[in-house]
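Let us start with two forms of the same protein chain, each given on its own as structure tokens and named structure 1 and structure 2.
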Structure 1
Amino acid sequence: MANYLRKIIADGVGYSTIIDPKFKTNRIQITFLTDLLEETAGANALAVGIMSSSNAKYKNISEITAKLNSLYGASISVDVVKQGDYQKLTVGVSSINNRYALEGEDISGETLSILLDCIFSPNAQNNEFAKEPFDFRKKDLLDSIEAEINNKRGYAVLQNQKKAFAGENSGNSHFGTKETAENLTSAQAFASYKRLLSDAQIEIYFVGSEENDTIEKKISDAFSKLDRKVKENKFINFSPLKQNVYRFEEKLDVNQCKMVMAFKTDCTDRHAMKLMNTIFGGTPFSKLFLNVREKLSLCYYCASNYSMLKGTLFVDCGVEEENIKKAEQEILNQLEEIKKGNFSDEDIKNSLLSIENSLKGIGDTPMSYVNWYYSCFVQNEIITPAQALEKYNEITKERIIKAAESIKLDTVYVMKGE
């Protein structure tokens, strides 16, 4: 298992090292965490996208890719996702460990220099990004928004979230709206870039086979020079339950109807909630899959997912129109069965095995370590996967029932064919 250490290197900037001798590659990742607002989400996503595809030295994606390829196939990546009420924007580089360089080159140092140039020396003038990287990434952003709309299952979940989390940041898309994206200017994207550097919580990760003080010093020197004003972030923010269940429908050009149900909880026993969700609808042997889909054939798919940051459980399914009400009733029935304790020790055992299998996969890749310790950071509990497994194994049937009893239906969205 890896050695993990996090320290503060500047105002609102955390630097984490994850050292595991088995790795032959290094990963350096810089993550910006900022409020997920409809009016800024698109510009933020665009700014980070431009960061990952150009800098003052390498003017476009072709030049930066060619340079990284010459460094034994190093790569740069960008990722934009929603995490609770926050937008998580990440740019990072992966490269081989220095000891595998044929001529003793400092591959990690060179890739880090490129990454830092992308962040601190962008291809920009007069407070605007250069036209080529801006146009390239703006098209990419619009394509991502279009893909989000065309993926009807994901779109249905997002539509439910808009109403389930009405008035909360988490109701917004991490890409912003199509209309906002279409109207974005280079100056707006650059203003967002500057704002991320000054206001966002920044979490930096280095994953490798050994400590590298030079990398830490270069990163620390760069970020400590920033003039920053960072507010304290509250990542866990449970969404309040509505007084009455909110229901709404939408008609689109689809053959298969979609239904998404949002349930709210005030239960803070997150490991019990996770295990309850696994039994309920989180696996191919869950109650929803075996009963609603397989036994009764009411859905093409039916699964549940729990957001620990929002205290909200989503059930989404693909269903024929004539089966919508039956499917909803059976989903509620399966939840009632768990509340009554009508599940077996075998159900618990199988769910624990599924969780154990997932936990044992952490550490197979540098990114799996980053994702694990990042989730520990936002949940304010730094534990190893092995320690987490111990917590799951301690969960009793009574705790699972209590977690299920706390769940109440909040919002139902249905997508029907025109």
Structure 2
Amino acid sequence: MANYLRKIIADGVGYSTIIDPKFKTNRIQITFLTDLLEETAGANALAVGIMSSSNAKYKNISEITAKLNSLYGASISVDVVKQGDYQKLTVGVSSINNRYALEGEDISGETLSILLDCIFSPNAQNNEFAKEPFDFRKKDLLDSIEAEINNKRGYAVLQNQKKAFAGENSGNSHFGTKETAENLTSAQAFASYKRLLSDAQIEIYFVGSEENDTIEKKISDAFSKLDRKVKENKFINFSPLKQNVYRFEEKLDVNQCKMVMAFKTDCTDRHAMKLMNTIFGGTPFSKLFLNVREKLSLCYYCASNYSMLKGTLFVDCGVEEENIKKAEQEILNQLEEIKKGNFSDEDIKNSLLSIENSLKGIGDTPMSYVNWYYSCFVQNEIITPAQALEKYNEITKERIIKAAESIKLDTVYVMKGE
């Protein structure tokens, strides 16, 4: 396990370093966390999209890619996702270590300069991004929103979330709506860019094979010059349970029906909830997989997922229309079994082994380190994977039953064929 260190380099800006000598690559990523609002989500996504594909020196995607290719395929990536009530926007670079450069190039130094230019010297004038990168990313944003329907499984989960989290930030799509995106102007995107730099919580991660003071100094210098005013953020916001279960359907031209069920909890014992979820539907030996898929052959997939930030557990499955009711009944039945304590010590032991297996694998890729420490940050508890494992190992059967008892059905979405 590598050394982990997080420093505060400006108001609401954390800089984390993770050094592991086995890596042949460097990863630097800058993550912005901001309220997920329907009005601003699209503009924020557009702003980071533009940041990741241009700067004052390399003015468009062609120029910047040409430069990065010559740095041995270094790449700038952009990622926009929903994290509870927040929008998480990341711009990051990955590159190979200088020791693999065939002509002695300073790959890490040059990629860092490009990244910092993307953030602090955008291709913009008079408080507007230049037309070329703006048009490119606006079309991308609109196309991405339209393409949400291409992935039916993800689309179904999103449809459920819109109702399960109605009235909460997390009910919004991470890209916002098509209507908002269509009307976005370059000035609005630029204003969002400015706002991200001044208001968002910013978490920066450097993962490399050796300490690099120059990288830290350059990043620290750049961010400490910002005029920052960050509000108090609260990333964990449990979603309230509806009085009556909300059910809705949608008809699409599809072969396979999908069902997504959202369950809410008020249980704050998050490690027990996570372990309960693993036993219920988190593995190929879980209750849902063994019963709904293997025993009754009702679905090709049937799995559960627990959001620690929203206190909400989702079960999703792909199912034949005539089996929808049967599948729902069996999913609820399996949950009842857990509530009644009808699971064995071996179920617990095997689920713990599965959790241990993933925890011990953290650190084999730069991204796994970043994702771990990022999730620690939003959960407001920075611990190592080994410490987390200790917490899981302490969980008793009673705590698992209590966690299961706390969850109640809230919203059911069904996608049917036309």
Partner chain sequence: MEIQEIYCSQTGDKCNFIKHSSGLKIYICEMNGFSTTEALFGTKYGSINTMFKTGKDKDYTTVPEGIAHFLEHKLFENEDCDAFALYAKTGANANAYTSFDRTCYLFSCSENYLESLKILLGFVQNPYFTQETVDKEQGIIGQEIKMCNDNPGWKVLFNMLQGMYHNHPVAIDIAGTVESIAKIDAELLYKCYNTFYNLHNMVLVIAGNVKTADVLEVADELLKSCENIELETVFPHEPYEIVKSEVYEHLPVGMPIFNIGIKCAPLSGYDRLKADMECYVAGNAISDPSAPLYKKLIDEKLINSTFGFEVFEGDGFFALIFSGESNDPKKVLSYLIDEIEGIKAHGIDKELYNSIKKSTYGGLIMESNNVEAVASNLISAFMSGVEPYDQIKVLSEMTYDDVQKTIIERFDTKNLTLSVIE
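As the structure is a computational prediction, the values presented were derived from the model and not from experiment. Each residue is numbered by where it sits in the sequence of structure 1, with counting from 1. Under this definition, the rigid core comprises the largest set of C-alpha atoms superposing within 1.5 Å between the forms.
The form predicted in complex with the partner chain is structure 2, not structure 1. Superposed on the core, the two forms barely differ at E250: its CA moves less than 2 Å between structures 1 and 2.
In a rigid-core overlay of the protein, N380 has its C-alpha displaced by under 2 Å between structures 1 and 2. Taking the rigid core as fixed, one finds a CA shift for E232 smaller than 2 Å between structures 1 and 2. With both forms fitted on their core, the C-alpha atom of E182 sits 2.9 Å from where it sits in the other form; this compares the forms between structures 1 and 2.
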